[in-house]
Ligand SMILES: Cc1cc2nc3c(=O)[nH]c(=O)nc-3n(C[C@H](O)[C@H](O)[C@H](O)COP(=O)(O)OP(=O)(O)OC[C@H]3O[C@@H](n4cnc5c(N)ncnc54)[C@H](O)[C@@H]3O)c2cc1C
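Starting off, we have a lone chain in the form predicted on its own, written out as structure tokens.
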Amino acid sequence: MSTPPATPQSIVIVGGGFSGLMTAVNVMRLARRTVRLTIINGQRPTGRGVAYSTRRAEHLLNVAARNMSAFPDIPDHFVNWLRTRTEYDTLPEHELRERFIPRLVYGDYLRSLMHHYLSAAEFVDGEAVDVDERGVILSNGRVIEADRVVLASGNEAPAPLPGAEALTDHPGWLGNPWLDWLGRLPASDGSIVLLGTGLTTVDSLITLRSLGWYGRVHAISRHGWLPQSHFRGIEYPDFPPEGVDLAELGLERLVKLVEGHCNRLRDMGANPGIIVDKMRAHTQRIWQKLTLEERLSFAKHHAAKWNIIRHRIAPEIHAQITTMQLTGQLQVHAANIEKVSAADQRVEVQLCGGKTITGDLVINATGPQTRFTATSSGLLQNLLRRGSVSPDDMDMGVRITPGHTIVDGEGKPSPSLLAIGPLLRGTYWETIAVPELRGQARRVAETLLGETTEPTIEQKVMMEYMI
């Protein structure tokens, strides 16, 4: 029996959002030896990242509290932590577990874990621009020595749209929806155009409503589909069918099976989203079993529908969006965007087919850039150029081993680099939500420590819909 590798003397984690923080927390809670741990983070407070750095109380989690533990082996950890806060300590258990908590509160939860577990860690406020044999190189020239480096860089800003290069300094254009835009808010008789109809657009709409801004809002996406609401479902033991391995079906047979069960649920008066939830435990294995051609076909023909059902929003948030549509304040357009251009102090959005929509403020909320080789990250570009990392077959992220070690340009496991989170879209598909990321964080920590420190407890799959 081979001896497990020694614990690295020095671990550096690049990125301080959920993925980076929880990797660090798991290292510290599982390590049997002293570890020198450094977290490099910039822009937002460590632990909060983009999602949980919001200061807006109206921005809620998209998953009920019962499924938001940061630890895969302690499923009630977040719910129990909520009991320490006065606003939740008297709520009945069933109500608290189904509550959609403000994201800023979840950020507080993560920060509390940071303070509890990472008192011995070093936190560096800076930007990593390269990794070489010396360690991690920062933009100011400082080199941080590292035996192992974890890339936890999170989501990138949206890909630039045609014409956007001429709008960089335009007051009516915002190319990154996660930057502060409230200072650019038009007068109440003005108009805002949101490019995209996903979760970021939902955040923007809810903020406008909370501010009492009642101007006109246009939201544009290829299909014009907004996220669906969480719902109360039913027990449905017929899926997956007994004896059927979903990962072995291939895309065509899987789609046929899923559509058949969705139709059965509709006939029963139940929400077909039940099937999507019941697939969650199998999704990553299904994705890895698909051929490249099947993955490309899924991304082209099925991904948009999958995303609006899979990434649902709190019922109270969905009700507000519906009200905005019913009153005419929000108009949703199904169209492809051809280009954006300046129209004096406003911005014009030209759609395929010749139609144009003009807004006093236009926000690119089309979703994160997902073509890895087109990354805007100087760090990732440098690693790509040197062959220290390689893109996966879908060019959606980095290629990794099962233990999350990065595979280099020669097809060999890197001696020092690991990855977690959105960088693994092409490998796992589902890799941006807490229920997936908490498992990844533990696996990465185990790889860094050179062993599985204790048996990973298999948890019963928790459905996101209510029963």
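A residue's number is simply how far along the shown sequence it sits, counting from 1. Just so you know, these numbers come straight off a predicted model, no measurement behind them.
FYI, the form predicted in complex with this ligand isn't displayed, but the following is about it.
**Q** Can you work out whether this ligand is within 4.5 angstroms of a heavy atom in all three of L384, P391 and S414 in the model of the complex?
**A** Contact check failed for every one of L384, P391 and S414.
**Q** With this ligand left out here, work out from 332-340, 73-81, 152-160, 298-306 which stretch has heavy atoms within 4.5 Å of it in the model of the complex.
**A** Comparing against this ligand in the model of the complex, the contact stretch is 152-160.
**Q** May I ask you to choose, among A65, I400, L37, V434, the residue with a heavy atom within 4.5 Å of this ligand in the model of the complex?
**A** Comparing distances to this ligand in the model of the complex, the residue within 4.5 Å is V434.
**Q** Pick from V258, L208, L379, I192: which has a non-hydrogen atom within 4.5 Å of this ligand in the model of the complex?
**A** In short, L379.
**Q** Report yes if any heavy atom of D108 sits within 4.5 Å of a heavy atom of this ligand in the model of the complex; otherwise report no.
**A** Output for D108 is no: heavy atoms all beyond 4.5 Å of this ligand.
**Q** With a 4.5 Å heavy atom cut-off, would you call G126 a contact of this ligand in the model of the complex?
**A** Output for G126 is yes: heavy atoms within 4.5 Å of this ligand.
**Q** Look up in the model of the complex whether Y428 has a non-hydrogen atom within 4.5 angstroms of this ligand, and give yes or no.
**A** Taking the distances in the model of the complex, the answer for Y428 is no, it never comes within 4.5 Å of this ligand.
**Q** Hey, in the model of the complex, is T405 touching this ligand, heavy atoms inside 4.5 Å?
**A** No, T405 is distant from the partner.
**Q** Along 330-365, which positions have a non-hydrogen atom within 4.5 Å of this ligand in the model of the complex?
**A** Read in sequence order, no residue approaches this ligand (within 4.5 Å, in the model of the complex).
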